[in-house]
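In the form predicted alone, a lone chain appears below as structure tokens.
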Amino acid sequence: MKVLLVFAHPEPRSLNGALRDVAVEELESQGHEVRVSDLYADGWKSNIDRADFPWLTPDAQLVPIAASKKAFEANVLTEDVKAEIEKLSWADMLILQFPLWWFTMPAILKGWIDRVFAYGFAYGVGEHSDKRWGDRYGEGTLAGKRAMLIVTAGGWEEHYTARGINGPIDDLLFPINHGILYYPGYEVLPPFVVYRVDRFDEAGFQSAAERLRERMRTIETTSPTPYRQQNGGDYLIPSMQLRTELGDPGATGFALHLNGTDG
């Protein structure tokens, strides 16, 4: 399997850096081919601006979606974005690794998504009609590939549960797992999350490292999160509302978008 790991932490000597090395070493020991995009080390430009579209005339209004579409179709995206798209096309598996900062990914990683997931590549593809609403949510350019998150959090695991003050970790990561990864077609594996990282000692690291090795050994066989497919009949098109007869009466929020929650 070909694996792309996108790493977003500013300190290579951090816990995240050590876990990245564990993941890469284990993947390679299993015979996988691995590439790493180290965003901070590479000086990744995170903001979309006119520099991304140098062909725009000075008086032209910048509409990022339209500009992204035109640039992708004309093959005039900037070289750094082209290089990352090539990696995504090459990879069978995408891993996004980051510390949980203010309940989401660091800005540099969000900027990688904003720039690399171009119109015509990761979204804006497929037929739009009264039967289909584009190739997305389980379909799309990246369908047939797998993806997962490696996340570190300072809080306790108990803080990220249904009754925990921070809310369930799966809900916090839903916009990334479902909205960024599943949207263009990835099969999304359950995230690997490490908690209380600010209080880690050597024993804690060794335990987390061994759990991560085990996850890396099973990336080809782990069952993905069973999200509902948009065009599979569960949603009304074009309203994108889940059919009223679907979903367990007690299920609310993000849980409704999982297969197996029907009463």
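We number the residues from 1 along the sequence you see. In this text the structure is predicted, and so the values were computed from the model without any measurement.
Omitted here: the form predicted in complex with another copy of the chain. The next part is about that form.
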Seminar exercise, completed: Note: exactly one of E73, D114, D92, D80 sits with a heavy atom within 4.5 Å of another copy of the chain in the predicted bound form, namely D114
For this session: Among 144-152, 121-129, 186-194, 80-88, mark the stretch whose residues have heavy atoms within 4.5 Å of another copy of the chain in the predicted bound form.
Result: 121-129
For this session: Answer with yes or no whether G134 is in contact with another copy of the chain in the predicted bound form, where contact means some heavy atom within 4.5 Å.
Result: no
Exercise. Hey, in the predicted bound form, is L246 touching another copy of the chain, heavy atoms inside 4.5 Å?
Worked result: yes
Exercise. Can Q61 be called a contact residue for another copy of the chain in the predicted bound form at 4.5 Å between heavy atoms?
Worked result: yes
Exercise. Taking heavy atoms and a 4.5 Å cut-off, does Y40 contact another copy of the chain in the predicted bound form?
Worked result: yes
Problem set entry | Heavy atom contacts to another copy of the chain in the predicted bound form at 4.5 Å, residues of 142-169 in sequence order | W156, E158, H159, T161, A162, R163, G164, I165, N166, G167, P168
